[in-house]
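To begin, one chain is listed below as structure tokens, in the form predicted alone.
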Amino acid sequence: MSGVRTTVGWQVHAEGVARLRESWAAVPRGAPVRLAKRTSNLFRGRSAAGPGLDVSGLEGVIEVDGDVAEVQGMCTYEHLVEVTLAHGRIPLVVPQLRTITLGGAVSGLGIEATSFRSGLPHESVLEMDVLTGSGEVVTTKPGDALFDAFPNSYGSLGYATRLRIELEPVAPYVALRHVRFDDADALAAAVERIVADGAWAGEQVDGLDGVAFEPGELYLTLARWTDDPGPTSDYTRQQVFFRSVQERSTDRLTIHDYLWRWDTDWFWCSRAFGAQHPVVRRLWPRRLRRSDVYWRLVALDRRLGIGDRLDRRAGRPQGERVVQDVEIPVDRLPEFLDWFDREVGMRPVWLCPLRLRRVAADTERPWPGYPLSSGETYVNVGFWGVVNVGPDAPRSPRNRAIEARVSELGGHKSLYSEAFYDADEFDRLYGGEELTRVKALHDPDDRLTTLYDKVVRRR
């Protein structure tokens, strides 16, 4: 396969780890520690920091051996998938944006359409090496305190340098069915049935997600891996994938294009930049229609306040940015969507069912930093945009209300964006006691920023 990136091998990996440790040793005591990553998928600000740790040698796949891959922590899923597809395999869960890194999806969180059967990305990690706050590289496995506390720790416990992950065989094509529901109760019932049966209307379901366009217009997209050849759609050109969900009941993509179907238009968010206008779309180079380009435009807007100026000029109320993903128990999903329509009023929203893969004998909630129940089905609800709320916008009233409502419904909120919890509530929701204990073991000099400081105080 011409042009496909190859594995980097163990020698290159060892050299990369050595450079990382050298850069760690050069950080002055008391100075903030961060990674010098070239990409980010975070939507929260942080205080200015000095040069980051050198991760330039930790961005590849070390080797692929059957259904297992050894991967460096800063490897993007775009690169990882390019290598594994050459072996007819993919990671068990491939987050929807190309530049999410494997280490980022494990120390943060990731989710996608296979999560209803394969859980979250960290649940298919067999072993990993972590650069801890002591400057040592520690090898850790499921059941170890460091390993189990690492998901959703966002660098507060260290940085993954190597991860051994499971892969699954995959077919070259994906057949899609877009099934419409007229209310959220019917959709929630369908999710529970598909999770239980792994099928819908007698046909296997390998991937499951959906879109709620309006209260009476909701869809589940059912994906099935297939070897059958035939014509495929291409949503990297003039057509936009999320519109196809409304416009056709069946579709067909290559597995590559299915994995990145949401990245080309950042779900539907590219319309904010005009990238879905037919004329603009023809002029906008395909190679620049991708999530990391849009993210840089958002960062520029935040730096220059362009959106706020346009709102003032147009006479619109001041806007509050509402960019969040939340996990809601499936039986409470209709209740949440009804509340969300009344109090926030943002559509469409993404729906992605999730069920933890790991079942621990000694606890119902096996991942202390994001304590979902292993016996429950959740639906991730993703919503990303601006709500014009007026002079209260700087106090983030909609985001605070979302946090409260999600907790009331027994759900959880991802931490890649802004959060507003007080310290006690944050520790209760995100395993603060266990994270503090593990951090004391592996970062005795407290060199790494705590999770609360990273996420809420944005240090």
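Predicted model, so just to flag it, every value in this text is computed and none were measured. Residue numbers here begin at 1 and follow the sequence given.
If you look for the form predicted together with a small molecule, you will not find it shown, but the lines that follow are about it.
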(request) Evaluate Y378 for contact with the small molecule in the predicted bound form, applying a 4.5 angstroms cut-off between non-hydrogen atoms, and reply yes or no. (result) no
(message) K37 versus the small molecule, in the predicted bound form: is there a non-hydrogen atom within 4.5 Å?
(response) yes
(message) Can you tell me whether F150 touches the small molecule? I mean in the predicted bound form, with a 4.5 angstroms heavy atom cut-off.
(response) yes
(message) Would you classify G73 as touching the small molecule in the predicted bound form, given a 4.5 Å non-hydrogen atom cut-off?
(response) yes
(message) Only one of 311-319, 246-254, 157-165, 198-206 has heavy atoms within 4.5 Å of the small molecule in the predicted bound form; I'd like to know which.
(response) 157-165
(request) Please pick, from W384, Y235, Y370, F242, the one residue with any non-hydrogen atom lying within 4.5 angstroms of the small molecule in the predicted bound form. (result) W384
(request) Quick one: from E78, D325, D292, E123, grab the residue that has a heavy atom within 4.5 Å of the small molecule in the predicted bound form. (result) D325
